[in-house]
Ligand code: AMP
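Below, in structure tokens: the form predicted alone, a single chain.
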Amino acid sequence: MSKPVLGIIGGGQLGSLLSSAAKKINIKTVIFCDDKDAPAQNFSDDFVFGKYNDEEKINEFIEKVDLVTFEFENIPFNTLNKINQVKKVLPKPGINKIIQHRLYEKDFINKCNFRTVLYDSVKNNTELKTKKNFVPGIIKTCTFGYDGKGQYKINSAKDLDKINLGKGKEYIIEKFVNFKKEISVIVTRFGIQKYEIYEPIENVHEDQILKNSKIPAEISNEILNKSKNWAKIISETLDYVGTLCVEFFIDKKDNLYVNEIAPRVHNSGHLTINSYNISQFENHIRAVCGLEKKETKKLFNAKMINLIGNDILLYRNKKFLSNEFFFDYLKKEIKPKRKMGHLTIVEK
């Protein structure tokens, strides 16, 4: 049986790393992206440039591939649904409908009986002023927004009066916990009760952007086992196929909270490329393409550093040690707060 040609919607660094992982196991990839300079075209076998609602471009993309996955969740549901009627989309488009919307996502997590922070919907500025019991906290747009975009921190009740919410958007307000640390758990689900799961990863953010990640996370065995179990249950409840990331908060009393679900490969899992025998990217390709599930084993402890904005310039001409692995995403333009590459350091 010949291997399928995999279509990937989105052409950023995750699309690049998925394409590279696919090449390693002889799977051809076609990137579909609305950015003509999308860096993933440097790593894929073919590239389709077009808007995500352009029917002609969607059809061109569909004709080149056997099945489809994606590198980010904010793709119009109608586009995914339309493609899914002709070529299978994995994970299923219906999952994105839940996870694209922060309020629906929190409601789903609560229905799974997992703890989240205290949260509520906010429809307008008048309603916002009544949310004093959520201070200190954060307001986020219910859809879109990542790396701190579309978010407002609230340090005091006075801030509720200063913020002017945009019209026609839905918002969620979340109360801060007595924060100790953040971890993420990455799980690849191949089918009913068929998983490969990575150990929890400890993450540090700067300016609401992931700065570095490490394994092992400095957490108790109880938190380790609970977070892995919750991630597995979430992927099973969603009937998920592919790699998924669950982000967790831990408070100073060692309570565990589900923060967000990412229905895709995740930035914190970049270190799996060099620290495991099979990366989160390869496992995702294997799962969505229906390939054999192989036992995933950790080879090394590791740390990953995100190279943001001008950071990349310090690394492009640098010499690296044998335990250091530099990844340049080959983005044409350097922008502040833009992820330009990463460095993984393994403990050999």
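The numbering used is simple: start at 1 and walk along the sequence shown. No experiment lies behind these values; they were computed from the predicted model shown.
This next part talks about the form predicted in complex with ligand AMP, which is not shown.
Across the options 232-240, 202-210, 159-167, 85-93, residues that bring heavy atoms within 4.5 Å of ligand AMP in the model of the complex belong to 202-210. At a distance of at most 4.5 angstroms from ligand AMP in the model of the complex, none of the three residues 2, 27 and 62 contributes a non-hydrogen atom. The partner is absent here; in the model of the complex, the one residue of 120, 73, 196, 260 having a heavy atom within 4.5 Å of ligand AMP is 260. Among 138, 99, 142, 219, the residue placing a heavy atom within 4.5 Å of ligand AMP in the model of the complex is 138. In the model of the complex, at least one heavy atom of residue 151 sits within 4.5 Å of a heavy atom of ligand AMP. In the model of the complex, none of the heavy atoms of residue 256 sits within 4.5 Å of a heavy atom of ligand AMP. Residue 175 belongs to the set of residues with a heavy atom inside 4.5 Å of ligand AMP in the model of the complex. The shortest heavy atom separation between residue 249 and ligand AMP in the model of the complex is within 4.5 Å.
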